[in-house]
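Just the one chain here, the form predicted on its own, laid out as structure tokens.
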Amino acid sequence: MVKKRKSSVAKKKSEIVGSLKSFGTKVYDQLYSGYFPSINMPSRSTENINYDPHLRQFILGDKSVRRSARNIRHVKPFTQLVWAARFSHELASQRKTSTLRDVYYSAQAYEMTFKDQQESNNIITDLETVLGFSREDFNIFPEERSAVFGDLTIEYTVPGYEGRKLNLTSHPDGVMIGPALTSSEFVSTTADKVIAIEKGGLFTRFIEENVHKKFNAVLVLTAGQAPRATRHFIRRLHKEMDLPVHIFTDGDPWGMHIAMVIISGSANAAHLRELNTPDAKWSGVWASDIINYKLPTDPLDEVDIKRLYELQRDPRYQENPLWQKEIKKFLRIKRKAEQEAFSRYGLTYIVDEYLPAKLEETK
């Protein structure tokens, strides 16, 4: 069955440009009326970050902060914020892209200096908080490192490629999840699931073993912790194409958290929506798998164990008994295993035996 769906990418881009323009108009009107310009924004302090069990993600509370040009300490960050909005409007309206690093250097052309890139990044995050859109919506991206492979046909919307279609089985190494892909329209797919994979080696193995055909899946490489654009891409596959999502990670607390951030987001992005996929399934490697499959392991170190106790207290890990059960098993066996550990049974064992069993168990 071929699923067809067109998203509302163009409509959202219009909303983003309009939001940036409204921000600039508000500042201009305050200046024109003889007032020091100011802006109120939700506070991103830790005490204002709460977990919402209905949305199944962290959100910001009711506390807000005011940034005003009347306050001498606010003049620089306020000016930086206005410049960031102006630069983002230029990118969005002209349909150009930039990296976080490029934003930092571009500011110097306008004599808008940042002491370092972290300060520049923080101002971009402030802009996200003010407007409720992500930096990727403003066409500002980190360096790409994720990829996708499978029977999904997309239609580009970027200048020079508008209307051009591409099937994501077109390159044997997968297609990079960059600005052109994340802004594309989803046209059709015959897949009935998404398999998100933490590590590049297994992603390549899955392509070689035709997992996309054998299991009718779109394969997504997260390359460790999935970048926000990749998390949004996975959410779109789930929402727009109605594809269930399965996440495969290493069997350790860091792999668990890679899966959880895809499912329930992160505290750092509490000011944003539409980055998480609450119904996605963590499909291994579990501590139970380490025991059941007698996998080669390494001992958990002190940092791993400390992290497990942190996860145990995290509200995201308390909604589904599976997480608590597996955390307790990790703490009991004090061992961890990589996805590649299944190769002790042969190169194709993970595809022939483990994968079908886990997809059935977590469907």
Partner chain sequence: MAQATFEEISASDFFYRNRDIAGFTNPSRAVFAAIRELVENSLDAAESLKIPPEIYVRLSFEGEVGKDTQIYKLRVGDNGSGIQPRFIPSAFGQILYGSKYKLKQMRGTFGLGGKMAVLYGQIMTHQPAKVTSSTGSTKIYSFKLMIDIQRNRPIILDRKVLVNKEQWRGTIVEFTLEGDYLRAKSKILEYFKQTAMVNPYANLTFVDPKGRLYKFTRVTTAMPDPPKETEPHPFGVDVELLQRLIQVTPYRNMLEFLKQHFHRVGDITAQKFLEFSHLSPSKNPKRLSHEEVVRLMQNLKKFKDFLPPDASCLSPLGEELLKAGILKELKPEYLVVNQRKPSTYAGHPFIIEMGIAYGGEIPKKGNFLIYRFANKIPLLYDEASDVSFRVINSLNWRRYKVSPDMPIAIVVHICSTKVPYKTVGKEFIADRPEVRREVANALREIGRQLHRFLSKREHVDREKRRLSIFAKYLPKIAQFSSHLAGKEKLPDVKKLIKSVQKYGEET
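Residue numbers count along the first chain shown, from 1. Fair warning: this is a prediction, and the values are worked out from it, not measured in the lab.
Beyond the structure shown, there is the form predicted in complex with its partner chain, which is absent from this document and is the topic of what follows.
Is residue 12 one of the residues lying within 4.5 Å of its partner chain in the predicted bound form, judged by heavy atom distances? Outside the cut-off, so no.
Is the gap between residue 55 and its partner chain in the predicted bound form 4.5 Å or less for some heavy atom pair? No, residue 55 is distant from the partner.
Taking the shortest heavy atom distance, is residue 70 within 4.5 Å of its partner chain in the predicted bound form? Yes, residue 70 lies within 4.5 Å of its partner chain in the predicted bound form.
When the contact criterion is heavy atoms within 4.5 Å, does residue 78 count as touching its partner chain in the predicted bound form? Contact with its partner chain, yes.
Kindly indicate whether 20, 28 and 112 are, all three, within 4.5 angstroms of its partner chain in the predicted bound form, using heavy atoms. Verified in the predicted bound form; spot residues all in contact, yes.
Heavy atoms within 4.5 Å of its partner chain in the predicted bound form: which of the stretches 286-294, 86-94, 267-275, 234-242 has them? Of the options, only 86-94 has residues within 4.5 Å of the partner.
Of 191, 259, 82, 140, which residue is found within 4.5 angstroms of its partner chain in the predicted bound form when only non-hydrogen atoms are counted? That would be 82.
Is any part of 157-171 within 4.5 angstroms of its partner chain in the predicted bound form by a non-hydrogen atom, and which residues would that be? Nothing in the stretch sits within 4.5 Å of the partner.
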